[in-house]
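Heads up, the chain below is alone and in the form predicted on its own; it's given as structure tokens.
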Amino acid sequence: MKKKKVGFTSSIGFILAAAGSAIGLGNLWAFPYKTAVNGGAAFVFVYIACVLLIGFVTMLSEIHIGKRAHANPITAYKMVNKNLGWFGLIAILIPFFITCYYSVLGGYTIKYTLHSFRGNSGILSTFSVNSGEVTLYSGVFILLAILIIMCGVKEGIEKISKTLMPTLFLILVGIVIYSLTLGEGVKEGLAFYLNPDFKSLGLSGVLGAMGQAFFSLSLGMGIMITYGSYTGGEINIVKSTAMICLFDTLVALLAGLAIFPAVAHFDPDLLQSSQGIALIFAILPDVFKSMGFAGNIVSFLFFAMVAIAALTSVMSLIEVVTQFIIQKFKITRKISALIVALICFAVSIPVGISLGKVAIAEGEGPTLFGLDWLTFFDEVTNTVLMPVGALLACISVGWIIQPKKAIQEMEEHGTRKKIHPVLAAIYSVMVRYITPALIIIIEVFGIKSKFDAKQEAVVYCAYGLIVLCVLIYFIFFRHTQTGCNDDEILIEQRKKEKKASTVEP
């Protein structure tokens, strides 16, 4: 395999970019709280097992699908089988919807970072319902992401990831050290977070660990296919996948060590009070306020870290859609990224308004089937579509490409040596049987939870989108070229030639 002309230039660049995609807001608030209320270390044990059983296998499969094609998800799946290109269309649709609401939360992180020295305690209720301000910060957040994407994979995504991800890790470690040295309450916070209690784990805890491991690693949403397509023969995707999973899990664990000792020290009553968005945007600001002036500094560092995590995640989401537009419609990267950003920003406006007025202020606002827009988009993508996307990747490698051939391709195109026969055998069994079965369990219980909550519309809309993807693919894309990474080089060359011809006398 020749070295990529369009793509990552080093293994560390790829690992940090992919880890940046995986490490997001869910690592920094969902994982710590789920751990604390589901048996502590018992939950962590199951989570790590799920990372190995679901996360590693699915991620490696998705990266390989992208690497063997050097193209966007639709083309990548067409190379598996021409009738399966609609798998890729689903993989492109998911990050588009996620970007529309993730950018709103990203705007929150920008607001809280910049407002840290004025104090963030109590501002959630006023900021969230200020539609103009929420829209402004959402726009700023999307703008930061597309400016990076416009610079390309090497000069944009890879270069910024090499800077932001180490910065995030250093900030997180610094906050952990600060939290663990506070004194009174630290032991109680650690006990709340990591005390192993298998009785508290239960079936719900096991399912929660499975889901968290799955969603935490950005599986089933086309990102790893797109990033995999930018890897050349110099990048060992097996080792890289292991490093990405390790880095993602480490950050999630450290987030809990940063949060709960500090909460227990400054206000232990808050440990049991809330979760989700409220934990990070309402409860932690109260904790920072109780620290005095030092809390302003800690608040700034913490929300800057969260903003970095959100930014590296959303730029990977936008890149999936941007890559497809570049290759299918032969449009330059800058224009493609701008088109995606403008559409996502337009949709983010009602999302932000709905979140503030319905979910946070508990008032009247725009809803979709009784849910605020953010929750609805999140449930459609996370609960239903993402497991479907990951399952399709496993089916593609496990049953169509076949594990033996996939392993041979991995050895020829990057591992530089034979994959150990035992590991190869384990992967073969996992990708064909065990991992798909576990993903199906996640999907079934996710659907059941929606019906139990009288939110059947989420399921119907999600599967309606899948049917729509199938129809669109067979009508518009099956018999047409959907492009590859080399097309971007040709587009830029033609642009330069056209520009040169216009200045010649």
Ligand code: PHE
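Position 1 is the first residue in the sequence shown; the rest follow in order. Given the structure is predicted, the values throughout are model-derived calculations rather than measurements.
There is another form of this protein, the form predicted in complex with ligand PHE, and it is not shown here; the text below is about that form.
Trainee: Can you pick the stretch from 239 to 247, 174 to 182, 97 to 105, 156 to 164 whose heavy atoms fall within 4.5 Å of ligand PHE in the predicted bound form?
Mentor: Selected range: 97 to 105.
Trainee: Answer with yes or no whether F215 is in contact with ligand PHE in the predicted bound form, where contact means some heavy atom within 4.5 Å.
Mentor: Taking the distances in the predicted bound form, the answer for F215 is yes, it comes within 4.5 Å of ligand PHE.
Trainee: Contact with ligand PHE in the predicted bound form for L25, defined as at least one heavy atom pair within 4.5 Å: yes or no?
Mentor: Residue-level check for L25: yes, a contact with ligand PHE.
Trainee: Might I90 be said to contact ligand PHE in the predicted bound form, defining contact as any heavy atom within 4.5 Å?
Mentor: I90: no, not in contact with ligand PHE in the predicted bound form.
Trainee: Is there a heavy atom of L317 lying 4.5 Å or less from a heavy atom of ligand PHE in the predicted bound form?
Mentor: L317 belongs to the contact set for ligand PHE.
Trainee: Of the residues V321, I223, A262, I146, which one places a heavy atom within 4.5 Å of ligand PHE in the predicted bound form?
Mentor: Selected option: I223.
Trainee: Pick from T109, T75, S313, S138: which residue has any heavy atom within 4.5 angstroms of ligand PHE in the predicted bound form?
Mentor: By the 4.5 Å heavy-atom cutoff, the listed residue in contact is S313.
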